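Below you'll find only one chain, the form predicted alone, shown as structure tokens.
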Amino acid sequence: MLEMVGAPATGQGGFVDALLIGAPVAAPALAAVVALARRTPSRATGWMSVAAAFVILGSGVFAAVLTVDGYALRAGSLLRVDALSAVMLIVIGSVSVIATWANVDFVGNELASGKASSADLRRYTTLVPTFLAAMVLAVLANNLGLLWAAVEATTIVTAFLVGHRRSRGSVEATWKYVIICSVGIALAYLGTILVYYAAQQTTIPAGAALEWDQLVAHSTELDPGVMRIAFALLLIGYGAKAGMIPLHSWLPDAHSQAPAPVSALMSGVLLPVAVYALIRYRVIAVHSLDPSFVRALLLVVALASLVLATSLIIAQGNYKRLLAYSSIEHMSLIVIGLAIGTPLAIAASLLHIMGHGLGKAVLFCSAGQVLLLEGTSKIAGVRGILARRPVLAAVFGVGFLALLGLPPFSLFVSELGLARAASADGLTWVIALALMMVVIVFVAITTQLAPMILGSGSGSSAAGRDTGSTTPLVVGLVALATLGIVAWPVDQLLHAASLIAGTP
């Protein structure tokens, strides 16, 4: 599935390009405007976000068809879609379909229970599609300044979403998130300025100094000394948004306090988009610097983050925080793929981004239903949900099996691809260490969650029907299994994207 052959990217233009680039931004933006205009939020407002998510997914699929042969769609010099962008559009679309679908029940429950005022829900239903529009804009940006601005916009939007409950814990998590991510995004801004400075010393036209395709074409002219500092700043800066060491500590607090659909979007979309920014910069850096410097820097951050995540998962007693630390683990595996950098490793990392996004959307949304039913996020406070909530327990349990990398789910295939790529590139010790951490995480999570799902029922809720729709969660699990069994849905697209971002 992950065997590579080469094909360069070229450009084209026209109405179709503008439509495919404009629609995934305009649809969530329109949903946000409608939500803002409504005085009283309703489930219908939530369904508009679902429709916008389907538009993003559909645009990603059509863009994939048009870019799989190496073409790039354009809308001016600011926006551009190639196979790599198409992969991310599909990730954003598929994850947001699951999360916004689950969000309809969340909004309905909030309205029925009176836990949030109309003003709170109006703000919430406006910010969710606004977040989607910003994420889409980030992956469509050809200008690296626009990419930075779009990622920064998500910090502002998600800060209000994390603090939706306005409890003491959510306010503390919000401030921690804002402060740490602001430091990270400031470092990324400094890195972007240094890249701009380096570009001005080359033959790149002044007005195109931050355009990604121009920087790639002239990457060998960039000053290595400036680019070395710039890439280090960019790695720490965007790494903060991806939950990587040393600015990772916002992630478990934010995920434990945010509403479940927001956690799903943050884990399945926000973190991968930050990694996507690193993928784009890596392409420039490996041609302007010593590639071994880029690899060493990425490996240090990824392995340190993986070891930290593993140690914290072992000691975790809160299932929402456990999911957050699991996100750090998976982002670390993806960054290891970037460090290896071959087309096979990049393809495996992109497949891992897809699988992780779908898996985390399913798990955070089902964890939200468990929290609603049991009234606690402590692992020790939930026992035997299979006997009382069989459908929800099945989805929750199977979701964890998928996230732990068991076949037939796609994370098994992507981890196998990473192992093959590392072995082929002489980095056996790296993948050996990573797989050892993965095995420890597997044992730790199954040991902690088995009583929660299979134990004797002593939870606070009585037996009864499941509440909340599990349909989007089942669809997500089916998609995860399909990606792990059948190559055709994404094989050629991953192949084309890996040729853009990978190096032999």
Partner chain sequence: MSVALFSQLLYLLCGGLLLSSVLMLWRRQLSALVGLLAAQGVLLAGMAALLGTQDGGLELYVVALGILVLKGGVLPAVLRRVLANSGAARETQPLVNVPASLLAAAMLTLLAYAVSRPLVELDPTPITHAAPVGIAMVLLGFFMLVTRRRALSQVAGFLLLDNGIAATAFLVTSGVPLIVELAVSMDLLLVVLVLQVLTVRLRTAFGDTDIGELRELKD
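Since we're looking at a predicted model, the values are computed, not measured. Residue numbers count along the first chain shown, from 1.
Absent from the display: the form predicted together with its partner chain. The rest refers to it.
Contact annotation: of the candidates A387, L111, V178, L416, the single residue with a non-hydrogen atom within 4.5 angstroms of its partner chain in the model of the complex is V178. Checked against its partner chain in the model of the complex, the candidates S377, S305, T174, T126 yield a single residue with a heavy atom inside 4.5 Å, and that residue is T174. Stretch-level contact analysis of 352 to 360, 87 to 95, 148 to 156, 416 to 424 against its partner chain in the model of the complex, using heavy atoms and a 4.5 Å limit, identifies 148 to 156. For the three residues L194, Y197 and Q316, a heavy atom within 4.5 Å of its partner chain turns up in the model of the complex in every case.
In the model of the complex, its partner chain sits within 4.5 Å of a heavy atom belonging to F160. Remark: R321 counts among the residues lining its partner chain in the model of the complex, judged by a heavy atom distance of 4.5 Å or less. Of the heavy atoms in L401, none are within 4.5 Å of its partner chain in the model of the complex. Taking non-hydrogen atoms only, Q257 approaches its partner chain to within 4.5 angstroms in the model of the complex. Heavy atoms closer than or equal to 4.5 Å to its partner chain in the model of the complex belong, across 240 to 255, to one residue only: D253.
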